[in-house]
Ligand code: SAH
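Next comes just one chain, in structure tokens: the form predicted alone.
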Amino acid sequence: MNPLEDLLRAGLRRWELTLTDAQIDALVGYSAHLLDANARMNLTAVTDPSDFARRHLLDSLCPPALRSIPEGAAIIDVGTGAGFPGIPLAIARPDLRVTLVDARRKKIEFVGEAIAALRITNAEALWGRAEDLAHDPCHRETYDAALARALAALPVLSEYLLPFVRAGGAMLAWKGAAAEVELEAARSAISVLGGGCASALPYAISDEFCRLRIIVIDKIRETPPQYPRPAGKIAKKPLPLPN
């Protein structure tokens, strides 16, 4: 076994998660594919095998995320970059239907190539801006869950993600030690966008990475049709807007 595979298996054992040898091989193969492509394009700054296993693979497969996504769910990974968390989730959960979205063409092209090379049949790559796709009837409020890692502050992120989620679904955001602070700052925006109950679920990958959270926000009603706004407005004037 290589160091990345060793750390991946050890992390999964720590969480009492079981993957088949074929799934482990696919995760390792995806990592090799990504790190090889990274020599030609900037896909990730994390290239050390141990850091890659922890920061990308295990972080994508953390128990709070896996437990919060129901069986057979259709999910959308917004701002997926090189494919996290969507590709690891598609490999570990073949019951899911995973759409991976990014506005950067070279990254989503790599994701599509990786999906094809690894023969991941339950995932597809889609190039586009979240604020545009969320107004497309093919994507608006059609997903059981919308996900994002390290994309934006929670008031902004909620406006990107919640319009994709059907009532009864949820958005999931990977966050760090300041998750609870972000959540309090975002509660008004969450309500405006049709969100309801929200919680920050802790997990630890190792002693070094131990103050991590998945924020889960339930979608309880439709998002008003004017949201999401154009990207510039979302970033410059996060919800709630002043009266």
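All residue numbers refer to positions in the sequence shown, first residue = 1. Treat the numbers as computed from the prediction; the structure is a model and nothing was measured.
The protein also exists as the form predicted together with S-adenosyl-L-homocysteine (SAH); that form is not presented, and the subsequent description refers to it.
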| query | finding |
| --- | --- |
| Segment that reaches S-adenosyl-L-homocysteine (SAH) in the predicted bound form - one of 112 to 120, 136 to 144, 67 to 75, 99 to 107, heavy atoms within 4.5 Å | 99 to 107 |
| Close approach of Leu172 to S-adenosyl-L-homocysteine (SAH) in the predicted bound form, 4.5 Å, heavy atom | no |
| Exercise: Leu162 in contact with S-adenosyl-L-homocysteine (SAH) in the predicted bound form, heavy atom 4.5 Å | no |
| Interface membership of Glu131, S-adenosyl-L-homocysteine (SAH) in the predicted bound form, 4.5 Å heavy atom rule | yes |
| 4.5 Å heavy atom contact, Leu151 to S-adenosyl-L-homocysteine (SAH) in the predicted bound form | yes |
| Sequence-ordered residues of 49 to 77 touching S-adenosyl-L-homocysteine (SAH) in the predicted bound form, heavy atom within 4.5 Å | His56 |
